[in-house]
Each structure stands twice: as structure tokens, then as C-alpha cells.
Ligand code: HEC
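Next up: a single chain in C-alpha cells, the form predicted alone.
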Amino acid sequence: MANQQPASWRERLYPIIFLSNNLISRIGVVLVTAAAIFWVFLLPTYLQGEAASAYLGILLFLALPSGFFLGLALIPIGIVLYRRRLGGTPALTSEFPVLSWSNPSLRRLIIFIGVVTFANMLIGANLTYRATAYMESVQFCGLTCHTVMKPEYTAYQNSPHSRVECVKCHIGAGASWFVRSKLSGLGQVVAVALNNYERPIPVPVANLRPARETCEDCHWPDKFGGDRLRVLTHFDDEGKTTKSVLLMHIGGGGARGVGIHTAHVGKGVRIRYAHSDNERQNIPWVEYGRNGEKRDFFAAKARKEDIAKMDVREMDCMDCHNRPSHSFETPEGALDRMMAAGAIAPDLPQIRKAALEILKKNYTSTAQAESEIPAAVERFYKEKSADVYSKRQAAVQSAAKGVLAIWSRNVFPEMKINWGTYINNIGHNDFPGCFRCHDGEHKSADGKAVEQDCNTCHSLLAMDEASPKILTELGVD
């Protein structure tokens, strides 16, 4: 063995040439060739990086690259298996071309292999890049798994972040979180394929990246927010309008004194809390720290031994803004918004009352709701206000479409999502929200309670007034 000479390049090359002549390697060659040909014809689409539909995107940016790389893998796999079957390196037949650079056939073969290898590297790089980019696209996130993500995608399209890509918040920057998200996504793909995913999708998202690494890339907490005017418009069953006016004390930055962000995410502030439920609605213990000083607040009847067994979380943006891009409305709030926008005529008699009754009915499928809701609105006026229907048929039909639009944006029977399924922690009118902690019952050892003074967060300038004087003075319509 010590005198064995190293194999020449010819001896190393001829097994590869000989052994590639097998069925598995041929299949690999066919896959690579077919994928390359399709890539050439579809090159404009790949350069653009967009597909006309989610399903076409799957074929272009996922299926085609998979076939290409599968083919590349099959070629060496076939060689290895064929060699094992032959019991080692085979001898060449007498008809086999001479392995010499002077042989034109061998030169052409090597040049061909070099060109094809370069082309495969070019095609593979483009396919890999486009596949990665497609998996980060809104189209892939929202439409590929249509039934599963339809509720979240619908809410996202009507949110302030509707022009922000999903991955900006759900993954953020950096390769580590990208890899973690894709590994997590593999299990979700299997669940969708086997149709055993949870309905509705459980919230909050487990192991969500901290908001300081995503939200705060755009929403800088050191920026002072100041005070902001908020006008809430409400309609009664007769279409009469009332308005409530709030001056929201946002605060933030290095500001002192009152302010929502000043108190919760201001400089030197660190808040931790324990929750006894997965939805983080029951909070028996809060630790408020500021500039190194800490104070513990316990809910009534909370026991320290029970709290010690609970999950403890450091508060960030997502504890209040828990649905920043996927917020679902209440039927009352959605009707007020549509009526204020004129999509549903406020002066249609009894429209709000009728619409609420229709919206709150139980529909077993989207198809049933799409058929019955518009018909129910029209039937209400045909049977109870025939004169209104005859005179304002167009307004009634427009209202019917508006009521269906409200339902379609908020209720999804296929995913078991109904009114109030997903809790929104902003505010305290529809859900506990702020009152999870600010209920006056969370107290420290010295009897001090977590503040519930309304003026800490906002000043009430008008309450259910037809024409608030403050709006006239401010010149606000």
C-alpha cells in the first residue's frame, strides 16, 4: 500500500463518465434540462419576481426550483448507486473513447460540462433568490394557504400596515429569525396538508420576535408623540349622530408627566407581569420598574405561590397593540364606521337596528352569508317599509352590500371566527384591554393601586353630543 501511486486524472474521470449512464442520473438530467428550458421561457417573470396568482407563484417559485435542484441531486446519487451495484469502479470497454486531451470528443465533453455547470449555477442562483423572495411576499403569506390565512389577510388589507410586508413584522431582519420562521413553517405546511390545523388560529403567536426588534424599527419609542384628538361618531337606530371627543395623551420620548407611552415604554421603564391564561387576559401580578426602583402590584385574592407557577413576560408594544395589522371589528363599531363613511346611508329608517340583527345571525358558511345577508336587508324594507324601498331602492341595495362587506371582513365560519373571537387590547370599551391592569384592584403592599384615573390617558372633551362645541371651536367638521 505504501508504494501505491495516486490515481491520474483520467482514472478519476472515466468512472464518472461511465457511471453517469444510468436511469436515475438520466432522470436527473431530464429534470434539470426541463427546468432550465422553462426558466429561459419564463425569465421575464423571474426577473420581475411576481406572479399573477398565488397558485402560479407556487409553480414558478417553488415547484420549478424544487425540480431543478432535485435533478441536480439525482445525477450524483445515480452514479453512486450504479457504482455500488457494479461492485466498484468498472473497466472501460474497448469502444470507449480515449481519455486524452487530444481527443476532440473528450474536449467537447469537458467544455460542455463546464458551460452547463456555469449555466446551472446561474439558473440555480436565480431560482434560489426568487424562491426566497416569493416566500417572503404578501401573496405567499396571505393567499397560498387560502382558507387558513384568509381572515388575517382580509384584516391586514384593511389595516394601517397594509403596505408593509408581512415578514417585516413577523420575521424582521437577520438570517437567524428567517431560518427559525421557515423551520416553524414546515410544521404548519404539514398541518395544512393533513387538514389538522387549529380553528381558529390560536393567539398570541408563540415565540413572536420581540417588538423592540420589529415594531421599533419604524415606531421609535424615543419620539415624543404629544396629544392627539380623537373623534368617535355613533349612530342610533333612527340615524341620528352623536360624537364623543377625546384628547389622547400619547406622551413618549423623554417627556415627563402624563402620557400612555411615557408611563409604559418611557426611558428607564421596565414592566413585567404574570398571566394565568394563554391569551394574557388574566394578569394577577405586575412589576413596575422605573430608573431602578421597582414596585409589585397584586390583584385581589392573588396568591404568590400561584403566581410563581405562571409565565412571566416583559411588557412590550404587542401587549396593548396586540392586533396592529389584523384587527377585527365589533358589529356596532363597524356599522358606525360604514355609516360615517356614507357606504350605508345613515338616514335609511331602522337600518342600524336591522343590520345588527342580520349581522349577528349564525351563518354556517361564507356562501350562505353571501346569499342571505343582502337578501335579508332588502326583504326587511320590502316587508316593513315598502314605501322606503320603492323610493330608495338604490340606497337599500347599497346598504345591503355594505352590511355584507362588514360581515365578510370580520366573520369566517370555515375558521370558526365570529364576532369577538379575537380580543383587541387597545382601549377598554369592547374588551378589558387597559383594565386588565388598570382596574383599581391591583395594589402594592402599601395599598397604592395601579392608576385608573381616566385623565391619565385621555381627557374627555365631549360625550355623546350631537354638535360638540369643542369641534366647532377647533374648526373640525
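Don't overthink the numbering: it's just position in the shown sequence, from 1. Owing to the predicted nature of the structure, the values given are computational and were not obtained by experimental measurement. In this text, rigid core is short for the largest set of C-alphas that superpose within 1.5 Å between two forms.
As for the form predicted together with the named molecule, it is not shown, yet the points below apply to it.
Listed stretches are 403-411, 298-306, 374-382, 280-288; the contact stretch with the named molecule in the predicted bound form is 280-288, by a heavy atom cutoff of 4.5 Å. The partner is absent here, but in the predicted bound form a heavy atom of I201, alone among I77, A345, A133, I201, sits within 4.5 Å of the named molecule. The contact residue chosen from I27, L62, L70, A449 relative to the named molecule in the predicted bound form is A449, the criterion being a non-hydrogen atom within 4.5 angstroms. Using a 4.5 angstroms threshold between heavy atoms, M248 counts as touching the named molecule in the predicted bound form. A residue is said to contact a partner when one of its heavy atoms sits within 4.5 Å of a partner heavy atom; K443 fails this definition for the named molecule in the predicted bound form, lying far away. The closest heavy atom approach of K168 to the named molecule in the predicted bound form falls within 4.5 Å.
Among heavy atoms of H161, some come within 4.5 Å of the named molecule in the predicted bound form.
Every residue of the trio V138, F328 and L460 has some heavy atom no more than 4.5 Å from the named molecule in the predicted bound form.
Residues of 414-444 lying near the named molecule in the predicted bound form, listed in sequence order, are Y422, N425, I426, G427, H428, N429, G433, C434, F435, R436, C437, H438, the criterion being any heavy atom within 4.5 Å.
Annotation: Cα of K416 displaced by less than 2 Å between the shown form and the other one, core superposition.
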